[in-house]
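Presented below, as structure tokens, is a lone chain in the form predicted on its own.
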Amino acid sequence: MSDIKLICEPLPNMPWQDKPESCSAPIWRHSENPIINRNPLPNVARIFNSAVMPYGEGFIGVFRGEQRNGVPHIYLGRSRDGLRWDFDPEKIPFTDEKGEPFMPIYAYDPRLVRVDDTYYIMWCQDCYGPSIGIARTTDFRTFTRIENPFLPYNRNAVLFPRKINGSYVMLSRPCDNGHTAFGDIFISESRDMEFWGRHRHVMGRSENWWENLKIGAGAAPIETTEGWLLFYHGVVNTCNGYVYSIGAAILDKDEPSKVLHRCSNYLLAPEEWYEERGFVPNVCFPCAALADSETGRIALYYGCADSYVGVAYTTVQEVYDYILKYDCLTVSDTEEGRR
């Protein structure tokens, strides 16, 4: 198998633990998971499905905080080591372009991506149905909401960390107004982060049991020498309810609607108590990844059972080799995604 390298900045202070000798999987859990427990703030019962990235000498994150009234909102957190977090006690104060308060009715499952010198937060919100909200910031003190990219109904929006062929590029998962019993990943482009088009199909649910109901983009795609590494979630409906697992694929670097490789096996499925037991049991939901170009290390952050945050580790070479070993492309994966 060919060597693969990360195309990103060095990140020597990222969280890391070496692979245990007893682990045969391509990804292994942080030994002290969960890193965020229940009741992290006085009015927040649970934090999960959250995104982090390097900032300054440490790390910063946007966190799904499930309030005690049941309404989710986004909170800001900071950390020196990416594992122990301090949270702002109040929700992120979003404003409109004029600087006036403009808070979503609810907001959940945020992602955080830097493109050039601007940080973008994406989340699911109400826009007369589930849709995507976006805000930008350069200092994590002011957060300006910009135009919603899509009509309802849509979830799991994730920006690529750089422009491709001169355009911003975003993954999303069109859905319906309920707890969606279907879902494929699509891609869209924009020249200005306001008007979105050139929508293309990327990949759909498959015959693999762990992702045969729906899938959705997870962490922001990671650029490598062999294409974009995408961690995503796959869902199966069992006799005891939905189960969310983590999978991986490689997308074409210049035409990311085309899938180059796709792993038939999940990388991580609910097995530990904090993944199996919680407000929504049996959920591993990836939302962010840290990567170090010097070592090839990757730290993947994921929500656990809608109650906790966990971290898992791998290297780009190990996960790439595993994807190739269990490659299972479908015809629609390799298409341009336009019909």
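This one's a predicted model, so the numbers in the text were calculated from it and none came from an experiment. In this text, residue numbers run from 1 along the sequence as written.
Below, we refer to the form predicted together with ligand BMA, which is not included among the displayed structures.
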{"query": "Site check A45, K91 and Y308: each within 4.5 Å of ligand BMA in the model of the complex by heavy atom", "finding": "no"}
{"query": "Option from 279-287, 34-42, 309-317, 50-58 whose residues, in the model of the complex, bring a heavy atom within 4.5 Å of ligand BMA", "finding": "279-287"}
{"query": "Interface membership of Y120, ligand BMA in the model of the complex, 4.5 Å heavy atom rule", "finding": "no"}
{"query": "Touches ligand BMA in the model of the complex: Y244 (any heavy atom, 4.5 Å)", "finding": "yes"}
{"query": "Contact test in the model of the complex: R64 vs ligand BMA, heavy atoms, 4.5 Å", "finding": "yes"}
{"query": "Contact label in the model of the complex: Y108 to ligand BMA, heavy atom within 4.5 Å", "finding": "yes"}
